[in-house]
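Starting off, we have a lone chain in the form predicted alone, written out as structure tokens.
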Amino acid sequence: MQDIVFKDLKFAYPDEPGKMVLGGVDYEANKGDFVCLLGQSGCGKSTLLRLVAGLEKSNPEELLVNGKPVTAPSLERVMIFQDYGLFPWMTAGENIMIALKQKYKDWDKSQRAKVAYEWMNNLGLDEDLFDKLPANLSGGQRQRFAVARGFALDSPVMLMDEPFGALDAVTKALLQDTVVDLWQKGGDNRKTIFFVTHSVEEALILATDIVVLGQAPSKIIYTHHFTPETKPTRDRLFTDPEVVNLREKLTKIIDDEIQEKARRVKAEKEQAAAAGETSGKKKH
């Protein structure tokens, strides 16, 4: 069981202690959920992932994974980044194998290579790409290797930070479908996935649960849970009235937050300018 529980989770980066990024996040993800995080840029989506990964330190009472505080990174929680995270001096295949070596220390090289090739095949990667350096691969191929490495580790929790954001539309759609298919094949033991995206459509295609974060200091301002019967498919995104209405609702919630932030920033600038003028008059 790998429940992930946020209890009024608050966070500010150590170098900016007065600038809260997360202002009290309350949420519980159950084992096997596919949670997509939506929200405007800078609202704390990636920060939330880094806290779950253990790359940033949270209050032990505010973030629990499997009932235990997150105190450090763990191979039980694998993270996939937008920039692939492949070591450029290693071949693409070696990038999978070195991760396997960290987790399965008793495996020999042939065992690691076998699993690497298996997951390359699962991600639609040709075997001759194993010995190529990441620089000689396309962006889509590099991201497939990053996803293959994540699934090969067989971690119960997978954290994906806009992994398809830089890909073309066709490659993105293929990888979305591949990830959903591999996740669903886990059955009762499928992974718990947290997936950061800026795309409402991507969230609708992938998620069992959609979570929208408000502007920083962030709290959750909207959630939506799909049942197996209500889960949208790609061909229903623009044709099913219920899906269309939800898509428009999510878009409006995020747009309203963006507009509210713009108004707040403008007001703060005007107040600062007015304060500066008042100070200048007093000096004279």
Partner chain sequence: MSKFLKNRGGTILIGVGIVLFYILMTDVTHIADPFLFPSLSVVLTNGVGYLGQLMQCLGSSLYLLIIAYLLAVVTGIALGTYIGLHSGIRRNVSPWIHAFTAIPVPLLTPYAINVLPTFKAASIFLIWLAAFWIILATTIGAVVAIDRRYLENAATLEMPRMERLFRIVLPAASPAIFTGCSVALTLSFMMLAVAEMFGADSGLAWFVVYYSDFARYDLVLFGFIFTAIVLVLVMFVFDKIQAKALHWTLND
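Numbering follows the first chain given and starts at 1. Worth saying up front: this structure is predicted, and the values here are computed from it rather than measured.
The form predicted in complex with the partner chain exists for this protein as well; it is not shown, and the discussion that follows is about that form.
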(request) Tell me, please, which stretch of 169-177, 121-129, 184-192, 72-80 lies within 4.5 angstroms of the partner chain in the model of the complex when heavy atoms are compared? (result) 72-80
(message) Taking any heavy atom pair closer than or equal to 4.5 Å as contact, tell me whether Asn136 reaches the partner chain in the model of the complex.
(response) yes
(message) in the model of the complex, is there a heavy atom of the partner chain that lies within 4.5 Å of any heavy atom of Gln111, even though the partner is absent here?
(response) no
(request) Would you please decide whether Gly85 lies within 4.5 angstroms of the partner chain in the model of the complex, comparing each non-hydrogen atom pair? (result) yes
(message) How about Arg50 - does it come within 4.5 Å of the partner chain in the model of the complex, if we only consider non-hydrogen atoms?
(response) yes
(request) Using heavy atoms only and a 4.5 Å cut-off, determine which of Ala116, Ala99, Met158, Val200 is in contact with the partner chain in the model of the complex. (result) Ala99
(message) Please identify the residue among Leu246, Ile258, Leu55, Ala216 with any heavy atom within 4.5 Å of the partner chain in the model of the complex.
(response) Leu55
(message) I have Met90, Arg149 and Leu153 flagged as a candidate spot, so tell me whether each of them has a non-hydrogen atom within 4.5 Å of the partner chain in the model of the complex.
(response) yes
